[in-house]
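For reference, the chain that follows is the form predicted on its own, supplied as structure tokens.
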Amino acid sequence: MDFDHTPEQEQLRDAVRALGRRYGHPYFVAKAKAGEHTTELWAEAGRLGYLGVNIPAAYGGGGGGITELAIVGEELAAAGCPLLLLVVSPAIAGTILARHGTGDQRDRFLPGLATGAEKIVFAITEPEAGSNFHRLATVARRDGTDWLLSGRKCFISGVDEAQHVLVVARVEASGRLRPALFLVPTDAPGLTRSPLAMEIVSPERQWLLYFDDVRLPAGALIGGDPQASLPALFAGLNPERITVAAMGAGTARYALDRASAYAATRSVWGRPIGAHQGVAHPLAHAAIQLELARLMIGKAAALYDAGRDLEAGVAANLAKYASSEAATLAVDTAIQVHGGNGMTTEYGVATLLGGVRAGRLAPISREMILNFVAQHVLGQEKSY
């Protein structure tokens, strides 16, 4: 078992770290509070090839895997600039298209995803069904050679920044309603949206989407056949969990770096506060939980890149759970170490609180991961 990255992966990590630090958390917070997007950082990361590291080289990408994309996501977050669209565009949409897209779909979308010029967001969650694709009410029905898409979605990230949205709907196939994936232009007639007000400091906004008989050509169906959609859907969910976990680990690193520096330099009664076990031990505990999570992320990414999908599914869920718990602990501990300063914008830790708390809910809640582990790892009866 090898815990070391390749020289190329280490070079990628160093380069992305340097890019992230040139922008930093103040840039991220300023953009979020102004209602703007991290356009400059995204464009530069794309130009340097970091957003397309997992896209096949034949389409202009780096030809790497989720391991490389997780490095990018972690290092940007460790610089205080977690990019949520990295999860939905290159990780989910890029993987689905590379693995299951038609030739035309790959030719049309993968080069743009590789450079970051094309952004594709992901829409599965619904107000009633959540992310349970067995209960989705969004449906597509045939109309000649076209499809008509109707329904609604919620908590869809970054629709205002994207050219397309990858929509999970249900279609009739073999007498049953089965999940299918469609690429929908965000300016398509019949598609409307409204913002969801969120208590999270983030440049990416959340949206409600409404589809009112949105007409789509046959080529909008991923893989060109409804039977291809279920494997395509699952192909995108493990990369989503792994890259979300990597982003959480990066955020935890950022918070602990800030808190450790503060504890080492902030003196009270003639000693740095980090000399007191009441301060140092919580930081050490959070650091241990973070390193355990990073090990699980590395394992999940390695299994996925090796094509061991069943094992990767378990590992991706474990990684996402461990990372979200570690990130929440790290940020909360960092705030506590800073005392009152921890709640100010200047010290740059409380601004992370909403994001890491959301990580325990999305893209899948910690409780559903516990259900998964109980059923599929421990062999218990299904509880939901």
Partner chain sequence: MKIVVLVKQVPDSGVERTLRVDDNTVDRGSAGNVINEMDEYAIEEALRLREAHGGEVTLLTMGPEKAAESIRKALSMGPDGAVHVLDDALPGSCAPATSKVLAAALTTLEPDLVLCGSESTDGRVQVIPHMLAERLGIAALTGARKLTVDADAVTIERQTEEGYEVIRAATPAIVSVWDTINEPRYPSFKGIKAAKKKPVRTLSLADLGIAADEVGTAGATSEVVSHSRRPPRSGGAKITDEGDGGVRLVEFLATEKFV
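All figures in this text were calculated on a predicted structure; none of them were measured in a lab. Numbering follows the first chain given and starts at 1.
Not on display, but discussed next: the form predicted together with the partner chain.
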{"query": "Contact test in the predicted complex: L329 vs the partner chain, heavy atoms, 4.5 Å", "finding": "no"}
{"query": "Contact label in the predicted complex: Y50 to the partner chain, heavy atom within 4.5 Å", "finding": "yes"}
{"query": "Contact flag, G60 vs the partner chain in the predicted complex, heavy atom cut 4.5 Å", "finding": "yes"}
{"query": "The partner chain contact at G64 in the predicted complex, heavy atom, 4.5 Å", "finding": "yes"}
{"query": "Heavy atom contact within 4.5 Å of the partner chain in the predicted complex, the stretch among 316-324, 26-34, 50-58, 339-347", "finding": "50-58"}
{"query": "Non-hydrogen atom within 4.5 Å of the partner chain in the predicted complex for each of D143, D146 and T186", "finding": "no"}
{"query": "In the predicted complex: members of 2-34 within 4.5 Å of the partner chain, any heavy atom", "finding": "E8, Q11, L12, D14, A15, A18, L19, R22"}
